[in-house]
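To begin, one chain is listed below as structure tokens, in the form predicted on its own.
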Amino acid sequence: MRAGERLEPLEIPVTRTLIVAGAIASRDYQDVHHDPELARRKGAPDVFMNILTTNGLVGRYVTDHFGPTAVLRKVAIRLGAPNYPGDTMVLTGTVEEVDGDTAVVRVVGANGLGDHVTGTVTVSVPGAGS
């Protein structure tokens, strides 16, 4: 673990199933996450991913890179361009700083419309600082 280290990009196909399943799993029953017609009535072209699903995907991205002992300490993300079905989100990350066994990783998730998510994840990896 070192500052400047880049995480391998992760491509995530944004499917209707992923959007709806993520909303249901996080108990987000807002109609814009599962009903295309109601989403269109509210001004969106289709259903779109909720922030809790995005948060989970960002966390998975970081822990998959650092391994099974990785512990997320803080996830601070901001949403931008919506994730709609049929698009692909590509997550990229760079380690910004390291202090012992803890790192801060800058993460960006981009889709065809722009940056869907930006932010930082603080992760601890026991033994990584030794």
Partner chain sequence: MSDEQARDGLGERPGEDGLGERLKEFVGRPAAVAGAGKDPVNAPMIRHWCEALGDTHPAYTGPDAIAPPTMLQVWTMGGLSGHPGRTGAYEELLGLLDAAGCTAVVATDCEQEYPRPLRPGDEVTFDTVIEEVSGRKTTRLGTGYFVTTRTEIRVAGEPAGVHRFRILKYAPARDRNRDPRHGGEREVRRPQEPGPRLRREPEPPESPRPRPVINRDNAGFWQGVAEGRLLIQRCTGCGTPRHPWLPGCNACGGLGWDTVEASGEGTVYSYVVVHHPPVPGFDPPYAVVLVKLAEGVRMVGDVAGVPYDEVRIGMPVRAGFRRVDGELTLPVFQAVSEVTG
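Residue numbers count along the first chain shown, from 1. For clarity, every value in this text was computed on a predicted model and none was experimentally measured.
One more form of this protein exists, namely the form predicted in complex with its partner chain; it is left out here, but the text below deals with it.
Among T88, T94, Q30, T102, the residue placing a heavy atom within 4.5 Å of its partner chain in the predicted bound form is Q30.
Within 4.5 Å of any heavy atom of its partner chain in the predicted bound form lies no heavy atom of V98. The closest heavy atom approach of G56 to its partner chain in the predicted bound form falls within 4.5 Å. Within this chain, G80 lines the site of its partner chain in the predicted bound form, having a heavy atom no more than 4.5 Å away. Of all the residues from 20 to 53, those having a non-hydrogen atom no more than 4.5 Å from its partner chain in the predicted bound form are A21, G22, A25, S26, R27, D28, Y29, Q30, R41, K42, G43, A44, P45, F48, I51, L52, T53.
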